[in-house]
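Heads up, the chain below is alone and in the form predicted on its own; it's given as structure tokens.
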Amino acid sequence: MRLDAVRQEVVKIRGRRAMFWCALVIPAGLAVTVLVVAAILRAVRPEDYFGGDDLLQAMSAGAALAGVVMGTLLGAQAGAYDVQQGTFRYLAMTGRPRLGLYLARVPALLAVLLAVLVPAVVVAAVAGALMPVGDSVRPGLSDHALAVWSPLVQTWIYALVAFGIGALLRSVGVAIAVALVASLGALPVLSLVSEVSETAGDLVLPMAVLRLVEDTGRPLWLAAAVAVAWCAVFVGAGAARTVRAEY
């Protein structure tokens, strides 16, 4: 995989300005909204105020929710955009391998998502450290690390799933709709499998993601392997479609 190809894909994602700026502003905006709510509660109802580690976790959860939604949108768009616009055939005509062109989008997508989550994570870290703690505890280094890791890993995983869906469907609008339904509806419903069988539940993506961001008592290595396998299936299916399709 060529580094210049990855850079080009980053430029493409940033060039789709409406989606990029939404992805940048919405996670930070949701984190700030949680902060404003906490400040209002502190002034109006001090008994309900949450600060310190509780505030950090709430802001991180808000950033994770927004990150998953925007990661799904960006991932579906990255997977389908070039084919829908008819530009992928011209890229393939340059003689560069289709698989390389496809895979270059993966690190580019992950890098952009890391960048767009930075403002939300920074705001959460500063607020969690500076806001009065009330009945909560002051966040430590491990709390700050989790506040970074949790939104990032969730956003990356669901973005890769959406990316594979986009490459399979090759239509941005349809891919976004299907990816949102999958990420926010179909896949979470699969977590109900754990109510029937804990072993089977370990193989479901939402339960694996949950284990990656909090201690549920299940093996961490298994959760990591399951998450990687799910992402590999979707990205691999998109790669197969990209390599074999006619343009």
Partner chain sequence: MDGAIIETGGLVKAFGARRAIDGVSLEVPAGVCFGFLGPNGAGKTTLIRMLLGLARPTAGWARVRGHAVPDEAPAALARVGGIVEEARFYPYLTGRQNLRAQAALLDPGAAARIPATLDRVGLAGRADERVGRYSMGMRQRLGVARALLADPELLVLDEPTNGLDPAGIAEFREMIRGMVEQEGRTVFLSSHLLDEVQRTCDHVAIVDHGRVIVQGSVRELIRSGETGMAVDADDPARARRILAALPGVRGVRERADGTLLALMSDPGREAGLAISRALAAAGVGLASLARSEESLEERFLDLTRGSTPSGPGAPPPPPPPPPS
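Numbering follows the first chain given and starts at 1. Note that the structure is a prediction, hence the values are computed from the model and not measured.
Beyond what is shown, the protein has a form predicted together with its partner chain; the following relates to that form.
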Legend entry - its partner chain contact at residue 142 in the predicted complex, heavy atom, 4.5 Å: no
Inset, instruction - Flag residue 171 as yes or no: does it have a non-hydrogen atom within 4.5 angstroms of any non-hydrogen atom of its partner chain in the predicted complex? - result: no
Inset, instruction - Spell out, yes or no, whether the shortest heavy atom distance between residue 81 and its partner chain in the predicted complex is within 4.5 Å. - result: yes
Inset, instruction - Check whether residue 96 has any heavy atom within 4.5 Å of a heavy atom of its partner chain in the predicted complex, and answer yes or no. - result: yes
Legend entry - Option from 68-76, 133-141, 98-106, 118-126 whose residues, in the predicted complex, bring a heavy atom within 4.5 Å of its partner chain: 98-106
Inset, instruction - Could you tell me if all three of 2, 5 and 246 have a heavy atom no more than 4.5 Å from its partner chain in the predicted complex? - result: yes
Inset, instruction - Scan 12-37 and note down the residues that get a heavy atom within 4.5 Å of its partner chain in the predicted complex; none is a fine answer too. - result: 12, 15, 16, 17
